[in-house]
Structure formats: C-alpha cells, structure tokens
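In the form predicted alone, a lone chain appears below as structure tokens.
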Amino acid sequence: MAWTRKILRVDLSSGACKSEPLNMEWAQQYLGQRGLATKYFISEVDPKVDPLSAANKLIMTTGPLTGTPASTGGRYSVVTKGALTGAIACSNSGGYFGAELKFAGWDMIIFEGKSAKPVYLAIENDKAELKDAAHLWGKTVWQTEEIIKKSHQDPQTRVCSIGRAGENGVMYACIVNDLHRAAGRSGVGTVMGSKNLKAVAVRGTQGVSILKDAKAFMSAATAAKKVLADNAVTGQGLPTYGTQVLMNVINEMGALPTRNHRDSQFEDARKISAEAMVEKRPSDGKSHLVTNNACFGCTIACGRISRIDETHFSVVNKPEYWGASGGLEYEAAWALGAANGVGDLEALQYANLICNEDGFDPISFGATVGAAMELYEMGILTEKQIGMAAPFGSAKALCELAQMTARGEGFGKELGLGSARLCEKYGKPELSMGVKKQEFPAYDSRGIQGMGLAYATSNRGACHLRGYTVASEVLGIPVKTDPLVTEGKADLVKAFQDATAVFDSAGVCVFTTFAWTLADLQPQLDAACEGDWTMEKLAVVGERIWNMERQFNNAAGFTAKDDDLPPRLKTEPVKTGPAKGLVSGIDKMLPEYYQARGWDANGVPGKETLKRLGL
C-alpha cells in the first residue's frame, strides 16, 4: 500500500542499522509522518529526557502520500524533543529528500544513542550503513552536500545535513536538505548535532508503485490538482510572488510585528516585500527575483530563486552568494527585517543565505536579534559586549551577527541561545517574544486574535503552521472571520489545528490548505491507503494526534501557565493601523479553547476525551 511497511532503526552508539516492520495498527490510528512518528517517539522516550542527551531519539519520517503523484507529495518531518523548547518537536521540510527516502523503501528512520565520533548515514535502497564524517565536521550544509554527492558518484543522491550551527549547539539549528529546504524550527538540528550525526544521504530506485486503488487515486489526485490550479492563492499568488506576497497585506492590517513587537506596522515594509523583489535594481538593472521554484511533485511552486547584488556591502567578499540561489520567504524576510527594523532587502537576503548555508532557523535568529537590539537601545547590552553598535535598523549589525552566530564566535554564542535564554540572562525575560521558548512568526497577536491563541496553545511552541488562522482571519479561507475579535476563535483554532495534523501526517504540504479541505485530501488517502479512510475517521485522527502531543508535553512538565503570551501583547495596545488600541484577548479565549478541546481548567485532557480518542 502507500506505506513501505519498513522502518530503519539506527543505533548510533553501536553503529547497528536494522530493518523492522512498521506497526500497521498504529498506522491506522495515526496515519503517518507527524502522527505516526510521534506515536513511536512517545512510546520509546521518557518525556523528562534531556533533549541533548543520548537518551533522546530523532526520527526522520515520511507520510503515505510522500513520493506519490499527489501534489506536494514530497514532504518529510523530523520528530524529537526540541532542543530550543523542551517540548515535542515535529519540523516539516519539502524539497526532494522525503520522496527519495520513500523510493529507497523506508517509511521512517529512528536514530537512537550517540556516536562516539562524527558519522553520516548512507542509504541505497535496502542497504544502510554509518560512515565516517570526520572530513565533514566543520563544513557548511552546502559543502557537506557537495562532498557527499561527489563521493557517492551519483548526482541523484539526496542529502540532509546540519551546518556549523548544529555542531556548535545553536539552540535553533535546522536540518537542511536540497541546499535551501529545511526542517527548520525547535532545534531539531541541535539534537542531530548532539548525536554527532552530520548528515543522511539517500538514493532510492524502488519507487512507490503499489496503491490500494491506483485508478481511483490518480483520478482523485488529478481533481485535487485542478482545485489548486483554479484557486487564486495556490494557482496565482504563491507561484507569482511566493509567501512574500503577505508582507504588504499584513503590514496594512497593522499586524506586522516590528522592532521586537514594540510596533505592529513597519514603515519600510514595501522595501522588503514581494513587489520589491521583482523590481529592477538601480545598481545593475536586474531584479532580485530570478524565478520561482518547486519541491518534489508540487504544482504550486512557491519557492524563490534570487540573485543578490554583488556590490552590496554585505556580500562583496562572498562570491559564492553572487549566483542565483534560495530566495527570501515571508517569515524569514519578516524576522530578519521588520522584527529588527531593517529595510535593506539585500542585507536580508545575505543573512538568510547564511542561515541556509550554516543551518539555523532565520525566524528564531531574527527575533533573537530583535530582542538583543532592544536590550542594546535600553542600555542593558553595550557596544563592547556585542562587538558593534546594534540599534534597531542596522543592516550592518544584522549581517555581522549572522556571521558570528554561524561561526559560534563572540556575541554570536549568546544569540545562539535564543531570545528566551538571552533575555533571561540579562534580567529582562519579558522581552522575549515567543511561547515555550520558541520565537513568534510574522503575525501580531493583537491584530490577528486567533493567531495569538494558536501560538499560545501550539504543542511545539509559537508556530504559525500548527493552526494557520490567518487563512480565515485575513484571506477568508474557508470562511472569513474578523481578525480583531475573540469570539469564535477557540473553535476556529481547534479546527485548524486538527486538520493541519492530518495534512502533516499525510505527507503533503500545508500550503495546499489554502485551496483544499479534508474533503479534497480524503479521496486521495482512501485510494492510496489500506483501510477505510472516511472524513469522520480523519477528523478523529487529527484530534487524536493533537491530544497525544499535549499529553507528552504535560508529562514533560508543561502546564496551563505555558499556554500564554508575553506581557507586552496583553498590556501594550497597538499604536497604529486597524488594530489600534487593541491588546490580545488570550485570557478570554484560552478557557473557551480548553472547553472546546474537552480539557480541564489546567489544560489536561479529560478522561472522556481520552477514551473517545483511544488514548
């Protein structure tokens, strides 16, 4: 069927690589990818485990639709206990690595233990072995991928790896595949580095050919692709402008967090927007954007390929950045830009390439720089401590701090802690803009109320991709709701969270949900997967996954007190724009959310809820 029914278990301590059968009973309950791997993880790992200890495990996992002709069916996820948060972590990535892993015949890889020396895992279909990676340690992600491909003498080999950030313990290090795609948040790359695991190289030639009903699947997949093509967002907006199309939209709403959330509109938003990326530069007459780009099997193609200005101060000594390479996405452009008050598009692209090349999350990095800049402007951090002047708006400081963080040098070590640990160290924990030690993405909780609740209750810490109510509150998908009110947001957030858990577990991209509902996904899953996959079953699966993740976090020590937002968002009203005068209504929404979930006042799932979900 759509699962390969095989797991690769890698004991890094002993060097053993063993195949074992997939638990098909669990597959029927948790589907795949995020859900199924999390079930394996919580069944094998103590919730109290130190994320950076050998006892923590790291799982790379595909979904049943990964590698199939389903649109966007190239996703894979990394599940572990997050280094940044200490909470359950599931970080999703596109590109081609996930499909290649499936083509090699594996549903997931479970890494356990810790290697005594740097290693990488080489997979060629059924064959898997750990190889010495001493020559790769200290290399960037880009260098690592190039070296491995040359040594394997196969350009079709797909590689995921960590850069120097993952080796040096940057708490928000990523796992990067295909040069510019990443399992980006929660410090999954930090966990990988703590195990002395540098990379995974995979080549698969077996394909994914056995589906329950191939004819019905192709019919359903074709119909679903038409839905994407006919939709204004997935058929026009994202292919043309990428996620950056949101920059001016969110800014005009007064919901673009600026200068560490002190403001919610950025005066230079237009300079770092999607529109600015397509305009020709006066310096060389070329536009920043070269073309769009797609992951495996994707018919949306929201990725960006950009060309950086060779004459810009930040890149004159970095010729490897001069050619066309991975371009800015909305979240990165916001975090490196508005969050710090930096309106220099070329500087943002440069800093973003450093994040890509050395493997660290631009959202957490940019937001941490924003906190540091506020501490600097308050006089708590000095020019001597940072190594330079670092006021809000300094593009030069942004670029230099990115280099320092990548190398683990000077104040870069402090930035590598993340904003929560940084601000706590300097006596101002309230200046960290995040939840469960994970920094906010690019939406102000005061101007988009539902996102505040989604952030506060996200199982992996502040995240827009766990319940993207922006779709409803801003874009009117699937129905338009008022972003400035709290009424009805508890049910809205729950619905988005549960549905997203299903899409993440299926092996397709969450961006399909701009056009698809579960009704578009269900016939594809039902034709591909063994068993009877009804709409009712999928709804329960999504809710089951969410509650399972919640149980792990509760057992790890998280409580209702962690489902909260920073004081700034609850006490400092928005200064300008449509949300002027508003603060977050999280205190009103949270009890309503717990009730909608069937949890008690302390955020603990009730017995009836657990029984209904089979937990």
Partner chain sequence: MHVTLKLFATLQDYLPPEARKTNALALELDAGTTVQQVIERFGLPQKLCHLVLIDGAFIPPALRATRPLQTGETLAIWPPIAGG
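Numbering follows the first chain given and starts at 1. As the structure is a computational prediction, the values presented were derived from the model and not from experiment.
The same protein also exists as the form predicted in complex with its partner chain; that form is not shown, yet it is the one meant from here on.
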Contact label in the predicted complex: D132 to its partner chain, heavy atom within 4.5 Å:
no
Counting only non-hydrogen atoms and a 4.5 angstroms cut-off, does H464 reach its partner chain in the predicted complex?
yes
With heavy atoms only and a cut-off of 4.5 Å, decide whether A232 touches its partner chain in the predicted complex.
yes
Exercise: G86 in contact with its partner chain in the predicted complex, heavy atom 4.5 Å:
no
The one option of Y455, F365, Y443, W334 with any heavy atom within 4.5 Å of its partner chain in the predicted complex is Y443
Quick check on this chain: which one of P573, P578, G557, P567 has a heavy atom within 4.5 Å of its partner chain in the predicted complex?
P578
Given the stretches 136-144, 251-259, 528-536, 173-181, which is the single one in contact with its partner chain in the predicted complex, using a heavy atom cutoff of 4.5 Å?
251-259
Residues from 457-480 in contact with its partner chain (non-hydrogen atom within 4.5 Å) in the predicted complex
H464, Y468, V474, L475, K480
